[in-house]
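Listed next as structure tokens is one chain, alone, in the form predicted on its own.
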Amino acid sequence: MKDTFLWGGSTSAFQFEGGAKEGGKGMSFYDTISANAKAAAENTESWMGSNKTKDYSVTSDFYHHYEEDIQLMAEMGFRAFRMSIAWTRIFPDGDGEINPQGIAFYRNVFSLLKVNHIEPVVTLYHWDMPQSLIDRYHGWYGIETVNAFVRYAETCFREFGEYVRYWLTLNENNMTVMIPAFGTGMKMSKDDPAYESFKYTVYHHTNIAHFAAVKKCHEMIENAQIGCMFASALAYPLTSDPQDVLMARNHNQKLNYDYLDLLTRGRYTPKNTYEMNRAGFWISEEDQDLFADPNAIIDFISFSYYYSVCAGTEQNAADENAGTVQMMYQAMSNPRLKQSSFGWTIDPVGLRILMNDLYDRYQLPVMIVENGLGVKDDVLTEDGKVHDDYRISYLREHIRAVKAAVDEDHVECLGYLPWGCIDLYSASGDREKRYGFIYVDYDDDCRRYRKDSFFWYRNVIATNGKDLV
């Protein structure tokens, strides 16, 4: 592992930041959910589990605890911290007037990270669509939202470019073709004759936003590195039956590589193009030129990895206990792998396989920006301890896989930033499923406690991954 390897952790604004009604912040999609349970039921996709939604207005309250949290990260030796900017903290309505208080807040965060030698890795859009853009343009369905996003991205590059070198555009955007209505405020049945055209309109608009942001970043910030972020969906064939092999191949192509082929080559795959045209959707020459612009091609690939799945002719529905978007994969669990208490398979070798596949295929550096063990097993003892040996065991094996990919397979990897490094809310609003090295007591002013994994990870970083005991 190089001495420059970025050890750290990851969060997102709507799951971690809080301060929803402070500092001039406008209403996002998740603020609407917090304020209106009926809106949650109507606008939240089924995978979100509307029966689980809670109040996102405070979450882990990074807005008021950021100085303490950055000191805790520095104590662990973090070299990088992935976070997202809340679009509505910069533009309360998604467009219109800039909020100077929002600019000041993030400047304070980024400057403090830099003082502590922690590289910010900043996601521009982590699902928290401004409610005003949903109301006026149906979110990404309207090209006006794309224009608003480009202006928002330009503002971030201009205001924060002196602090931020590493940028990510849209979080897990490869999932858009599976849940296109999410964050649009629209109901669209797959049986509707207009569904396919609707799906590709939303997907294409997000891709215009991505390419335009990448190009602007390269033009505006010298030496910036900007990448995508996709939800990995690595599938193995359930058996050696050629039909199972074909199903696994098609699964990986559809959920992983169709998207990455576009972002790295500047054009949709022939199959994607055919499907779009069949749905009555055509790509303009202007958009084709943008996608093909060398300045609009990403510098690295970042991704989330929690588990692998299996594909086979005996396909079954996903585990209903796994309450996240990954339920959408509709795949099978691997009978040869153990599962976490949350029902997710534990497959560190799969992470090594994926890293190799990505690097061999695209010859771009990779960065793991989400990984980790989310469980409801954490217990805060009376003396303020959390004994999470199960998390240490999970992370140890996955870090070993990363090291093997780097040191033995010669994959170029920029960093390892596990998810929820400080406890945060799940996308479904579930605060009891915890990932962090730091426990957040939501019932006691979000007080922070170091878990056993905090001290373990501190030693991993200090030894640059050599000591994993």
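Everything quoted here is computed from the prediction, not taken from an experiment. Heads up: residue numbers just count along the shown sequence, starting at 1.
Only in words, not in the display: the form predicted together with ligand BGP, which the text now covers.
- Taking non-hydrogen atoms only, residue 427 approaches ligand BGP to within 4.5 angstroms in the predicted complex.
- Using a 4.5 angstroms limit between non-hydrogen atoms, residue 56 is distant from ligand BGP in the predicted complex.
- Taking the partner from the other structure, ligand BGP in the predicted complex has no heavy atom within 4.5 Å of any heavy atom of residue 400.
- Although the partner is absent here, residue 29 lies well away from ligand BGP in the predicted complex, with no heavy atom inside 4.5 Å.
- The partner is absent here; in the predicted complex, the one residue of 347, 128, 370, 388 having a heavy atom within 4.5 Å of ligand BGP is 370.
- A heavy atom within 4.5 Å of ligand BGP in the predicted complex is found for exactly one of 306, 236, 91, 105: 306.
- Residues with any non-hydrogen atom within 4.5 angstroms of ligand BGP in the predicted complex fall in just one of 440-448, 427-435, 62-70, 410-418: 427-435.
- With contact defined as any non-hydrogen atom lying within 4.5 angstroms of ligand BGP in the predicted complex, the contacting residues in 156-192 are 171, 172, given in sequence order.
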